[in-house]
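A single chain comes next, written as structure tokens; it is the form predicted on its own.
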């Protein structure tokens, strides 16, 4: 079973993404606090991370940079998620593997996750 970690401070978004992905057979965990991100990555060993840009504290851009600059985590596919109009540029600037615009359709979320998960095989 492929593992997806959601890093977002919005409980509603976490719930929706979790329901969609679990119903499609993914093992899903979430983190809503930047202080727990790397501990959770270490413990859960996700195949894919869905990371909100607008996180309090460290922020999604900085979290992504730290993931991609860490030898242990850099190969984990990391997708930036945001309603920001410049999401593609932000994702590129911080080294993310891709991006997903909010609001997203269920099919779009599943297609994005599946596409990046397939690359990890």
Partner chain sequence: MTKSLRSLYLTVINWINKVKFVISGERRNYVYSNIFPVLRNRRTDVFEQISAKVRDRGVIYAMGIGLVLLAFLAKIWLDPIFRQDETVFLLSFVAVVITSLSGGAKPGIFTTLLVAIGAIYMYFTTNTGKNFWEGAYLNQIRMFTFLFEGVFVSLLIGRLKESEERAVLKSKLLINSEKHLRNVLNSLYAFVGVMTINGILIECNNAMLDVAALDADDVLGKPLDKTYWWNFAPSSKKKLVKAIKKAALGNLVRYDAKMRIGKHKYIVVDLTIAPIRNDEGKIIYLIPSGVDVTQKMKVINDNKKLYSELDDEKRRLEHIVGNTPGVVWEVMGKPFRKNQELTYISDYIDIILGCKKEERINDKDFWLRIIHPEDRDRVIRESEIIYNSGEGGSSRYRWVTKKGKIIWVETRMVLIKDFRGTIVGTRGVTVDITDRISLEQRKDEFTSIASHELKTPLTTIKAFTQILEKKLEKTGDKELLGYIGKMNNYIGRLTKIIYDFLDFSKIQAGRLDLFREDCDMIDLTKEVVEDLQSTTETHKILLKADDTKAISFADRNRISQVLINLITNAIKYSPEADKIEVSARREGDEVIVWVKDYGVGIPKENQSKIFDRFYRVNQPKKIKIEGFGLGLYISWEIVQRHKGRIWFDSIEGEGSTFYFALPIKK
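On a predicted model such as this, the values are computed, not experimentally measured, just so you know. Residue numbers count along the first chain shown, from 1.
Absent from the display: the form predicted together with the partner chain. The rest refers to it.
S.K.: Quick check for you: of 51-59, 25-33, 91-99, 70-78, which stretch puts a non-hydrogen atom within 4.5 Å of the partner chain in the model of the complex?
M.R.: Of the options, only 51-59 has residues within 4.5 Å of the partner.
S.K.: Flag this candidate site as yes only if 6, 37 and 44 all have a heavy atom within 4.5 Å of the partner chain in the model of the complex; otherwise mark no.
M.R.: No, because 6, 37 and 44 lack any heavy atom that approaches the partner chain to within 4.5 Å in the model of the complex.
S.K.: Using a 4.5 Å heavy atom cut-off, state whether residue 19 contacts the partner chain in the model of the complex.
M.R.: Close contact exists here: in the model of the complex, residue 19 approaches the partner chain to within 4.5 Å, heavy atoms only.
S.K.: Please run the contact check for residue 111 against the partner chain in the model of the complex: heavy atoms, 4.5 angstroms, yes or no?
M.R.: No, residue 111 is distant from the partner.
S.K.: In sequence order, which positions of 75-108 have a non-hydrogen atom within 4.5 Å of the partner chain in the model of the complex?
M.R.: Heavy-atom contacts within 4.5 Å come from 83, 85, 86, 101, 102, 103, 104, 105, 106, 107.
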